[in-house]
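In structure tokens, one chain follows: the form predicted on its own.
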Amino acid sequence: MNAPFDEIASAFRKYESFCVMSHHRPDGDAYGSQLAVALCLRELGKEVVVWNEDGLLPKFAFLPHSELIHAPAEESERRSFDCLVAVDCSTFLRLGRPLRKLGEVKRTLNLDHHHTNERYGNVVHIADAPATGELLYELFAATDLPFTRAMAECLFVAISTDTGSFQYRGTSARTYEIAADLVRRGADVARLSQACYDTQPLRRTQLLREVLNDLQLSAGDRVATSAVSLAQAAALGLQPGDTEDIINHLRAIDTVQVAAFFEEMRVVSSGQPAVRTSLRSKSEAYDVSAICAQFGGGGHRLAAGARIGGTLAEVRERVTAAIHAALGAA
């Protein structure tokens, strides 16, 4: 049962100190949603901290008041808040390392759109929407909470990026109506879209070359996989977020139904290697969130991911086998 918007708005007004968090390896929906909530709370005169494990990725520095986003310093003490607001995060642990710096919290709000959400927290609202930004729009529009131009721009980016610039399945007439109202509220479509889609460092294009050189097709060319190693990432000077959406070039192949991209990660605290895995599907018949759930991950039917322990070769083999099994059962 979802908490009504009035209950969420009441929490925004009742409490005085807030920490706004989202998942590690954040995308436009995560950042846009974090900032929209933070800016709303600041308009209410609240004390607000915006934490993300990765801090602010340079590609999203164009967002209004992006300087609010940071990773808590490792040497800092734990900090308590009246309220934790988790946005666009399906599991509590995906909030990542900032949880180590989180002290006592009186209330946890879980606002998300992933159908795999674990429904953690005291106040939970999981929307059937293509982006968490759409849920937040409905919240702000339906209540008397502040709704500024800067918030509108953050929500436009959140929705645009999570819908593939309004192209993915799940994008509805309501999504376009919301986007239109965000433009009326001041969102600059041309500026925001250029920053999101037409501006990237050279290393991203060089990465694409490496990814396509490693392309492997299987299952009658219905499955496409590629990977990038730590050595390749170092040689290219890759930064967090540079691999975001690279997988779309694999999925775009006409015969491909499921694409998988594997990114070797630095050794985790356990001392074991791990691989960040992203899956994309073209068809509702192939639920990649179910495949990722086999490895402790989750997401949406058409877009999901997981962090999987093991070497790059091992994880690629295991996940590809799971994809083949899913295609055979469909």
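One rule holds for the numbers: they count along the sequence shown, beginning at 1. Small disclaimer: the values here were computed from a predicted structure and weren't measured.
What comes next is about the form predicted in complex with another copy of the chain, which does not appear here.
K.L.:
Go through Pro201, Gly96, Pro146, Gly241 and name the one with a heavy atom inside 4.5 Å of another copy of the chain in the predicted bound form.
P.N.:
Contact residue from the list: Pro201.
K.L.:
Find the only residue in Val123, Leu236, Leu217, Leu230 having a heavy atom within 4.5 Å of another copy of the chain in the predicted bound form.
P.N.:
Of the candidates Val123, Leu236, Leu217, Leu230, Leu217 is the one lying within 4.5 Å of another copy of the chain in the predicted bound form.
K.L.:
Is another copy of the chain in the predicted bound form close enough to Val49, His65 and Thr116 that every residue in that trio has a heavy atom within 4.5 angstroms of it?
P.N.:
Per the other structure, none of Val49, His65 and Thr116 touch another copy of the chain.
K.L.:
Just one of 102 to 110, 87 to 95, 71 to 79, 189 to 197 has residues with a heavy atom within 4.5 Å of another copy of the chain in the predicted bound form, so point it out.
P.N.:
It is the stretch 189 to 197.
K.L.:
Would you check, heavy atoms only and a 4.5 Å threshold, whether Ala141 touches another copy of the chain in the predicted bound form?
P.N.:
No, Ala141 stays farther than 4.5 Å from another copy of the chain in the predicted bound form.
K.L.:
Does the 4.5 Å heavy atom contact test between His249 and another copy of the chain in the predicted bound form come out positive?
P.N.:
Yes, His249 lies within 4.5 Å of another copy of the chain in the predicted bound form.
K.L.:
Looking in the predicted bound form, any heavy atom of Ala150 within 4.5 Å of another copy of the chain?
P.N.:
No, Ala150 stays farther than 4.5 Å from another copy of the chain in the predicted bound form.
K.L.:
With the partner left out of view, is Val223 within 4.5 angstroms of another copy of the chain in the predicted bound form by any non-hydrogen atom?
P.N.:
Taking the distances in the predicted bound form, the answer for Val223 is no, it never comes within 4.5 Å of another copy of the chain.
K.L.:
For 272 to 302: residues with a non-hydrogen atom within 4.5 angstroms of another copy of the chain in the predicted bound form?
P.N.:
Counting only heavy atoms within 4.5 Å of another copy of the chain in the predicted bound form, the single contacting residue of 272 to 302 is Lys282.
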